[in-house]
Each structure stands twice: as C-alpha cells, then as structure tokens.
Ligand SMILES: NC(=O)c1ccc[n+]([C@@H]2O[C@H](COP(=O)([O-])OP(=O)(O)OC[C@H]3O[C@@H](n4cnc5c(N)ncnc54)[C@H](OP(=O)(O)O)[C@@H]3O)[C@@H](O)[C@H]2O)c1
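One chain comes next, on its own, written out as structure tokens in the form predicted alone.
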C-alpha cells in the first residue's frame, strides 16, 4: 500500500495557513483529503472549496468521517480538541506542533486511536505555492508503527526529508526553529531601527539590509559555517568592535547587550574558521564581557 492509502480518508481540524498548505499539497499528491473544520465557517469553506471532494464540517463530523485527522489548531487548543471529541479504535490522530509531544493527544489514545506528530519545519503564508513551500524541507516525525511509517511516507511524498524526534527533545528543537526564524526577523528589525535619526538613512534600514541578509544566508547555504562568517569580530578587529560598543552605548544602549552577547557567541566560530588569533580573541572576549556585564548592571533594556 502507498502512504496515501494507509492514511485513508483524511480530515483537518483547523484551516489556517499550515492546514491549507498541507491539505492542498497532500491532495495534489494523491491523498484523500475529505473534510475540514475551523473555528470560523468561512475558513473551512474556503479551504474545502480548493479541494475537490472535501466538505466543510463540524469538528466532530470531521473526526467521525476521517480515518486520519490532522489537528492543525493553535498549540494551546490541541489538548482541548483532543479531549472534547470522540475518537475510535485504530484511527490516526496527528498534531502538527513543533513544541508539544504526542502525550497531548492522550485522550484520543485512550479511545484506541494511534497518535503522532508531524511538524513541517517551515513558515506558512498566503500566496505561496503549497507544493513548493513543502518541498526540500525537514519534517519532524514522532509516532509508533504503523503510523510512523505512514507519516514518513507522507513527508517523502511531499518532497521533504525526515527528522526523527523524541518527546524529550521537542522543546530544544522548537526553540532552535524559533531562533532561526522569528528571532532572526527580530534581529533584522532591530538592526534596521539603528538607522533611525541618521540623516539620509532614516527609514531605509530594512530595505538596505535585506539584500545583505539574503546574501549571508546564501553564503551559509553554499559555503557552510564557519567559512561564511564575516565581520570585524571574526577578523579580530578589536578597534572596530570597540567603536561599535562605544557608539551603541551612547545612541542605542538597549541594543548593546544583544550585540555583545551575539559577538561573544561568534568568537568560537571565528576561531574554527582560522581568522581569529589567540591574542585578539582574548581581547575581544574581555571587551565584550565587560560591556555585557556593564549593560546588565545598569539595567539597559533590550531595544
């Protein structure tokens, strides 16, 4: 049997960006997506309209009709949905949370369902081709056989690759994903905000910095780390780093501890690259540690 056949008739409870992407891509790959429910009737109708043979239903009706149910609701709602619906023996119930383990689905398991987690390591927005956004990405899978093999086959069918993930590692795994996504966006926003008040530059920070960020990511993908690492700290340019710290202390004290902490974290990478000599690393570590300690003592808020 194919992966599509082992999952049977599929339903989604939750019709947000992730559900829409997964459901449409799965339909295109031959999976039988037959039902969808959402907090708002319009959302369920909109997703169902894009998939022939799929009906907008109530959550319980989705559970009753489907062999496999994906809970693509917000993380805080997964336990509630799992506890309030009726499940049946040998049904597959899957959540798509990166942070929560499958124990959150224990009410379904007690009813005889097999539970699992499938987390596509991707961000989801409207207007992006579903198949393209799911192709080439990692999928974290947590489940027991035979559901595990079915989810692995699904990830492969969508063009992804597999990350076996145990419950005890989920929080760290998800924190790393947030660091590579939301925190990068936050850092870029703060970097752009440093241009405020500079004549001729104010208001252009994000527009000017985005190409630099894109080229950095391209270099990391092409060359890997540590080879793609650049910047004065990576080169051991103590004088320039001191200039940065002085300027930030005067004009952006909230950003200074973030700059100092990330620069300290950069030093071992630069050492591995071979561009940072021992004496320069020692000077930078002392300078950055002192700056970070001083900013914490003064209670400078993060920007």
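This one's a predicted model, so the numbers in the text were calculated from it and none came from an experiment. Numbering follows the first chain given and starts at 1.
One more form of this protein, predicted together with this ligand, exists but is not displayed; see below.
Enquirer: Exactly one of 169, 227, 149, 75 has a non-hydrogen atom within 4.5 Å of this ligand in the predicted complex; which residue is it?
Expert: Only one listed residue qualifies here, and that residue is 75.
Enquirer: If contact means a heavy atom within 4.5 Å, which one of 157 to 165, 104 to 112, 184 to 192, 90 to 98 is the stretch that engages this ligand in the predicted complex?
Expert: Looking at the partner contacts, the answer comes out as 90 to 98.
Enquirer: I'd like to know whether residue 66 contacts this ligand in the predicted complex, with contact meaning heavy atoms within 4.5 angstroms.
Expert: Output for residue 66 is no: heavy atoms all beyond 4.5 Å of this ligand.
Enquirer: May I ask you to state whether residue 287 is within 4.5 Å of this ligand in the predicted complex, using heavy atom distances?
Expert: It does not: once this ligand is placed as it appears in the predicted complex, residue 287 has no heavy atom within 4.5 Å of it.
Enquirer: Any chance residue 14 has a heavy atom within 4.5 Å of this ligand in the predicted complex?
Expert: Yes, residue 14 lies within 4.5 Å of this ligand in the predicted complex.
Enquirer: How about residue 235 - does it come within 4.5 Å of this ligand in the predicted complex, if we only consider non-hydrogen atoms?
Expert: Residue 235 lies outside the contact set for this ligand.
Enquirer: Let me know which residues along 119 to 150 have a heavy atom within 4.5 Å of this ligand in the predicted complex, or say none if there are none.
Expert: If the 4.5 Å heavy-atom criterion is applied to this ligand in the predicted complex, 119 to 150 yields 119, 120, 122, 123, 124.
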